[in-house]
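Alright, here's a single protein chain in two forms, structure 1 and structure 2, each given by itself as structure tokens.
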Structure 1
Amino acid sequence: MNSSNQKKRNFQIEAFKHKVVVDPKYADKTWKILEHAITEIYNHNASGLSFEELYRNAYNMVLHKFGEKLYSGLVGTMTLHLQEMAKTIEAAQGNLFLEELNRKWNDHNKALQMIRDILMYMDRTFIPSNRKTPVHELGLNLWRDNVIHSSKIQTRLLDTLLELIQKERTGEIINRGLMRNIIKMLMDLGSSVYQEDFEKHFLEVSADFYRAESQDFIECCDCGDYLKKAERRLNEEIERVSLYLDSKSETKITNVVEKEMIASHMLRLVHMDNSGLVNMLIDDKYEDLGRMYNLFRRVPNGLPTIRDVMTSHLRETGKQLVTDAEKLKDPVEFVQCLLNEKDKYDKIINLAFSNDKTFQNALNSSFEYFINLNPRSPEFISLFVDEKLRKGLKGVSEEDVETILDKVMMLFRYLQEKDVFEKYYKQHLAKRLLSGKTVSDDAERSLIVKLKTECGYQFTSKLEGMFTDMKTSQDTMQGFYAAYAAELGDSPTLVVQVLTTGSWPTQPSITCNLPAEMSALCEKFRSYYLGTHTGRRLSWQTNMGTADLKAIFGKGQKHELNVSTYQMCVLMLFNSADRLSYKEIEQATEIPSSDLRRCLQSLACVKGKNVLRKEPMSKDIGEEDAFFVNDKFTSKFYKVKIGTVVAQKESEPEKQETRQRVEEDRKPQIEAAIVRIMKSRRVLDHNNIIAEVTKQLQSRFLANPGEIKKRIESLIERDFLERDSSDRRLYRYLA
């Protein structure tokens, strides 16, 4: 049948047209039957009832408009039964109270289910149209009002529940299943019943309990033990919620524990004598630190409290480290201490503070703060690299080399004066390359790649140039010996490194008087080199060279001595003299006095390497000293290396000189930055120029505002900029 062609028919059920006469006592009789049935249900005698008949009776009452009578009858009967139940519950003694309550609650629920089935028709028609409470809900409300809120049960119930929880907190075993049933009953009666009749009081009592307990704990426990107890209590409460409380209570009860056990004692815990946060950091107590982190993160301002204490402790220990006179004596140990400190805190943040970014940032800013308190940090870091690349990395695997270099780069990033590090690094690299003392070219190049990534091509191009010079020099020497092989015969062997001035650290060209045979050989090389390269100038850097000498001592013992060029010049003098004074040596060699003193010290004052002797015997070299060959010199090695007593750290004048060179190098960089900024901005005021220049250069060094001002003046004099005629603090760019 096609319904779209036909009108939709609405069927309506109508009452009979003729009047049905109902027995006037019908309602009372029917209600009596139903009332009796309800009583039987509550008395556990429901098995003899015909539910079909009861349903029909209830149905008819509603149909004959006696719904109101049925409903009010239900309320009255149920109330009476519940009041009887309440009396039984009230009469229960001690522990039986909750069991009786639970039993009666189960009885009531079963009865309610049956009553609801019998009165289903009323539930579906009469109740919604008359806006009455549905049967099930009505049963719960009546239970609440007549049982739970009865004067003799309400307080007793609350006290019993709280007492059981208190017992459980103090270690007693309780019937959790019963607790779960009673609490579920309160929840079934509506969230407001659970909250008002139980939860509110539970939270108050818990707060009092934990307030008192935490006070006891903090007086007798150290910080680590206290945190263990707090953690255990927190876990117990979370478990209690999962076992028999409403899941929504978890946040509320954990907040109580957190507030009373952690937030209220936060500062005292952190600063606790002999066991607080600082002691945990010093003793690497990862477990305790992790526990503190996890507990403190739960309370407002908890993590910032840990972070601030860690930061101030770290800054304090770092400050002591970088200003400790003993540590400053040994640059390698100084840097190793910094790396150890960084490793220590990296491990703590990783293992205990879940790699928290805010803690890492605090660690980085602390290191940056104290590394830069010591103006010699850049020099010391370079000396550390130098020591590692000269000998410290011998036999170390490639991976470990990379790890060490990465750590060095990490310290390098903290430096504000990166250009000072670069200056020293270049000097140290030069010495390593020229003396052939580098452990591994790969490691050297790897570090240069890292510096290139960090600072750009501009810095490393010169370092790469140094490696190129070394390679080119090898080829040049091969050419020289090929050309002069016949002439040279058995003259001393000469190895020359030709260094491009721009690539290598500039050093004043200090000449010293070389022995005649060496001097002649050097001249030959000069004429060969200038003959093969046009437009070049050669100047000898005798202070950077080394020599191997064959020596015969008193009883004919032969040795090969590996010495510096300066030491060679001094020793060769003793071929034609037995005894020479300091003044005579100085005159003959013309070596600068500071270098000569170091040179003589290493030849005469170092045990086991003292090929010369001096009078009077002392550790220092004086101008009145006299020197002669030590005929009694012996060594178990044929080859003896005589190092120069190194001033490993720079002396004060050298430091001033390096600082001056750094300042000079900074001037063009500052000027270039000013011009770049002014070119794009055209007009800018003084303060903004200072801010922009500082920002642009901070990856290299911290520009001094006074120096920037001088550079601006210099650019104005050279017509790059001009001052505004009306406002002296404004600068204009002159194209």
Structure 2
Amino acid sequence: MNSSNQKKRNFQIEAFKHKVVVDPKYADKTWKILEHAITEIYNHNASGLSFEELYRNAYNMVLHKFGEKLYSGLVGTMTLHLQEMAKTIEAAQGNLFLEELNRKWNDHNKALQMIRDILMYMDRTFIPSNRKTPVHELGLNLWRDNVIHSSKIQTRLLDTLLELIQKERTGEIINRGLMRNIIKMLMDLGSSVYQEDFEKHFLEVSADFYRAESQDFIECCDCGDYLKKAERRLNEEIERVSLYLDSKSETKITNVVEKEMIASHMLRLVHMDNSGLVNMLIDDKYEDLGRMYNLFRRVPNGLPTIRDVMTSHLRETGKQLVTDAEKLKDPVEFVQCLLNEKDKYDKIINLAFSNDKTFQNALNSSFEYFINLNPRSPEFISLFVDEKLRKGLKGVSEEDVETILDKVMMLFRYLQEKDVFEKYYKQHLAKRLLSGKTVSDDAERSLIVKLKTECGYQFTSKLEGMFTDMKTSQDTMQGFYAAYAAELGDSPTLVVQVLTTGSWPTQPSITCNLPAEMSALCEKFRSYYLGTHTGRRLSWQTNMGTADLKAIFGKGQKHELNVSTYQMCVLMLFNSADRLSYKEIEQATEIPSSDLRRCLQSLACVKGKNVLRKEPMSKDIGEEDAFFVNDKFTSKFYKVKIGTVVAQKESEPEKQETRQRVEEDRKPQIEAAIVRIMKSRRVLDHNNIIAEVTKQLQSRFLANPGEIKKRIESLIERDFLERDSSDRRLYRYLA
């Protein structure tokens, strides 16, 4: 009946029908039956009930529109039973409290399932269309409100749980199964119940606990021990979550431990006296370092803290290393130290820092920083290679050679002035090739290939030219001897290496006077060579040659002396004289005086190699000195190699000279770069040119802005560029 019909009632004639009247007591009676059944269920007394009858009764109530009565009856009855249960739980003594709570929870769950079975029809029809809470959810909500939130249970439950966790943290054994059941109950009641009634407080108490504990630890432990303890605590909490907490709590509780035990003490730990990060690095404590990495990774700013300390320590030690005056005396040792340092940190990053890219970058930038603090690093690295390729690689397997070369390349990559390295490398390579001192052609070539891949074809084209010259010279000599074999007879054997100008680091040297037999031979070769190659010019680099001399000393000792060309010229003079003064020698040979001094020094002053004697006996060569053959010369070897006293490192003026040549060579490169850039950009302002030129050249060297400016000015003078007439900072390319 709706309202509009009622208004018109007066005009309506009632149809002849009996209103179907349901027994007014029907609903009450039926509900009584169901209520009784619910009570029996809660009393563990359900075996006498008929499921079919109860189901039918509940069905009928809903069918006859008593759904609301049924539903509110259910809420009332269940509430009463739960209040009873709450009382029993409250009465439980001490430890039995949780057990009682758990038991009642299980009882309630079972009863709830059975009630839901009976009321299934209501659950399916009445509840969704009337937007009521379904029976199962209703049961959980009532349990929450009447039991868990009852004033005498709520705080007691929380305190009990927290107390048990505290006990477990201090090493006691607790009933984890019971804990799991109770926590599971809170989770079943909804995530908000778990969070509000337990998790929130749990996290607060944990934070307090770990704040205090970490304070104790940091006062009495060293860094390594502290980290071990922190790691153990972290693992314990993770285990606790997996054993009896909601898995979503894991990140929350680990955050608490991380914050209290790590983040709050990070700087103190890293800088701890005698056991902090720097000590760990020095002592290669891979395990401790790994632990620190893994723990610090978990907190904000943790890894940068480690990285910064590592970087500054590395820069400091690196700086000491490259400026250590002792180390500078021995370039090989110097480079070896760099390599050792690199190996050490590579290993640390690999073993402890899980090959973290950011750490590798920090390592690289540190090396780049301090290697370039010493301007002689390029020279030293080349010297190191020289040493290795001369003798250091004997008996070393091919793979190990590769490893060493790769490591050298790595240092090479850090160099800013790669062109300086190239200069030295060329010099050292030339010496190796000309003196036939290189041990392995393969190793030489392998390094050239590496340089080529690193720096491109231009970088190595001249170096490769040197190898070609060596090969061509061999062929030329064969041709020479084939052509002159008969003519030459028993004159000395001449070996000429024809070096292409430009490919080799030749110095414009004053030719010395060769002994007569040699100069005749040289002339023959010259005419042979120029005869086969027209349009070439040949000049002698006597400062770079070597000679083998057969000598017989006073008591008939026969030796073969391996000497430089200069030394040969000096010694040959003694074939026709017993005693010669410095001046006489100088006049006869015309060897430049600095070279002559060195040459005489090596012949007369080196113990065991002194084929000459001089007066007066002293370490240095003076212009007034006199020289004569050392008749008493002995050596247990037949062949004696007389080295030239050459400082392996360059002398100061030589260094200046090399430097100057490097600077000279850079000029055209800078100019070429400027022109390339301007050609494509047409117009560019000053700062951008500087930036682009620097960028283009940085694979070879770090261009000096002042020098770039000079080159720009020079190009303007030569009409490659012009300044913009309105904006003086702009340059314009003139095609």
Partner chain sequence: MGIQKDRVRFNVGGKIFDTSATTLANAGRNSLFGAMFDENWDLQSGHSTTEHFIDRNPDYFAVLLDLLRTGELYLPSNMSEKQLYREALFYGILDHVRSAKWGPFDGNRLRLARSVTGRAPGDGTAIRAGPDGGCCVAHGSMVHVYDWMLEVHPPINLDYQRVNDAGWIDPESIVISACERFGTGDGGMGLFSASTGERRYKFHVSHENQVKSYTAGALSFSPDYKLFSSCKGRSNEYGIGVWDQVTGKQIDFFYEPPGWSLGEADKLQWLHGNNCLLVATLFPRKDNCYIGLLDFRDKSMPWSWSDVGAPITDEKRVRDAIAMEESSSVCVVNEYEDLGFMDLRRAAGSVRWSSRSRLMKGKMPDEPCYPKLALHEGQLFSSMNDSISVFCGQDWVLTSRLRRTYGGSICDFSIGGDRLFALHSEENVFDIWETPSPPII
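If you're wondering where the values come from, they're calculated on a predicted model, not measured in any experiment. Sequence positions of structure 1, starting at 1, serve as the residue numbers. Think of the rigid core as the biggest set of C-alphas that the two forms share within 1.5 Å after superposition.
As for origin, structure 1 is the form predicted alone and structure 2 is not. In a rigid-core overlay of the protein, I552 has its C-alpha displaced by at least 2 Å between structure 1 and structure 2. Y566: CA moves 2 Å or more between structure 1 and structure 2 after rigid-core fitting. The two forms, fitted on the rigid core, differ between structure 1 and structure 2 by less than 2 Å at the CA of E368. The two forms line up on their rigid core, and S581 then has its Cα shifted by 4.1 Å between structure 1 and structure 2. Core-superposed comparison between structure 1 and structure 2: M518 shows a Cα shift of 3.0 Å.
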